[in-house]
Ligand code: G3D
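This document opens with one chain alone, in structure tokens, the form predicted alone.
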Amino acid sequence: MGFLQNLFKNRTKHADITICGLDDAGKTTILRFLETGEFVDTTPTMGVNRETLHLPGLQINVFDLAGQEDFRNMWHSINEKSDGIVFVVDRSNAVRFSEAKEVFMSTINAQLDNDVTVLVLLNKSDVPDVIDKTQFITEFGLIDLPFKWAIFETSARTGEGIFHSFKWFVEEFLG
């Protein structure tokens, strides 16, 4: 048995995750920050972008889903195969808050099972007049979710909270 244990001991785990949320929330910019360690100006995603992040002991296939309403109908087929989901909210856009909540609830109720890990990112924390994190948790209905979740305040422009939030997310997979 020692040979087999040694053979599989250093195996890399694989995870498929999706990043979704309304258009202009900062999903692709967050992904680019993870890849480069700095702000990179991006263009809106049309359809799906797939990137692979290689971490010690973990390979993550990231499916960056376009947030425009016309593309949301394809989320289901990708989200239902995911090990985790990152839902990005533009916390500075109060006008679209109810739409973001509706899309989030639809996504988690129809497309996810209880074994999926959910990371909610309150993006654009560097912008003035943003929704308070505690108020957001209450109004978005996160308290009663039946699966593992966490929420972090982030800024894709400055990098605030991005590495810390994904460190939590990765630790959930490596457990």
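Since the structure is predicted, the reported quantities are computational estimates derived from the model, not experimental observations. The numbering used is simple: start at 1 and walk along the sequence shown.
Quick note: we don't show the form predicted in complex with this ligand, though the next part is all about it.
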Handout entry: Contact test in the predicted bound form: Ala156 vs this ligand, heavy atoms, 4.5 Å
Key = yes
Practice task
May I ask you to check whether Phe147 falls inside a 4.5 Å heavy atom distance of this ligand in the predicted bound form?
Solution key: no
Exercise for the section: May I ask you to check whether Thr28 falls inside a 4.5 Å heavy atom distance of this ligand in the predicted bound form? Expected result: yes
Exercise for the section: Evaluate Val127 for contact with this ligand in the predicted bound form, applying a 4.5 angstroms cut-off between non-hydrogen atoms, and reply yes or no. Expected result: yes
